[in-house]
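Take a look at this one chain, the form predicted on its own, written out in structure tokens.
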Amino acid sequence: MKFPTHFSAKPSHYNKEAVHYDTFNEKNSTHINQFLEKIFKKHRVKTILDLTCGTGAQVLWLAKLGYKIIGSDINNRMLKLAKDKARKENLDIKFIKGDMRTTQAGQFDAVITIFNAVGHLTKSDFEKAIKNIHMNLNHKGIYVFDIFNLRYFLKDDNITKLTIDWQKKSENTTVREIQYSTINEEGILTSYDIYHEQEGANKPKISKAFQTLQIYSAEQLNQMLQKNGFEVLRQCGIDGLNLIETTTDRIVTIAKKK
């Protein structure tokens, strides 16, 4: 099988998905948000920069808990949704358009990039992002992020566990997403999507798309972070349980600025 080449995602990457992003993903935020709470309490974090805030799943949650947080994202449509949600909930949150590889927003106790965000970058661009994140952190500040576990998805047929068939109804509109994925030894995960949107009895609109992610093993992440000025404090699952290479599907890494 020929695998697509992975390139760093462009700012327009989520333009099509933005409108339905929360419909399919918002409920998935609870576990990681609760775990972030525990991490930040343990490390006495007060200020946070979310460099890939998307529609604001982490930003809004953490702002409600009293953290001083700034949300940044490369996609205008995702940022608008985040701003609209913050406004509706009367939350005073600063949002900026930015790229995790270059954005300088100040110095914070913690920086986060959640939901496989770093996977949208090539390996070399991820290293640029790590260096930039280092510059956005206070002395001994922490960087917390998650990414799919390469070792897990290369084992047996685990890649098939990413197959989805979701359907959501909102008023008079039905939206359905069908997706399957492939993986190669270099860690290029490719997901193929079919989107089906139907309003009432009208003819459905059907579109297709695919995207690639660069995913990593825990060891690869450890090496990249240490090379670029970080000490890895812990790697685990999004539930906070210890990392097991063959059974943990997503790695959460907590790293401290040296």
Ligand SMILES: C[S@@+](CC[C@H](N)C(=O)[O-])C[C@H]1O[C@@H](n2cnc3c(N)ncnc32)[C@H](O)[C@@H]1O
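Because the structure is a prediction, the values reported are computed rather than measured. Just count from 1 along the sequence shown to find any residue number.
One more form of this protein should be noted, the form predicted in complex with this ligand, which is absent from this view; the next part is about it.
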property	result
Position in contact with this ligand when the complex is considered in the predicted complex, options 137, 183, 86, 114, heavy atoms within 4.5 Å	114
Selected contact from 82, 121, 144, 93, since only one has a non-hydrogen atom within 4.5 angstroms of this ligand in the predicted complex	121
In the predicted complex, segment of 183-191, 151-159, 169-177, 99-107 with a heavy atom within 4.5 Å of this ligand	99-107
Interface membership of residue 51, this ligand in the predicted complex, 4.5 Å heavy atom rule	yes
This ligand contact in the predicted complex: residue 57, any heavy atom under 4.5 Å	yes
4.5 Å heavy atom contact, residue 78 and this ligand in the predicted complex	yes
Residue 74 within 4.5 Å of this ligand in the predicted complex, heavy atoms	yes
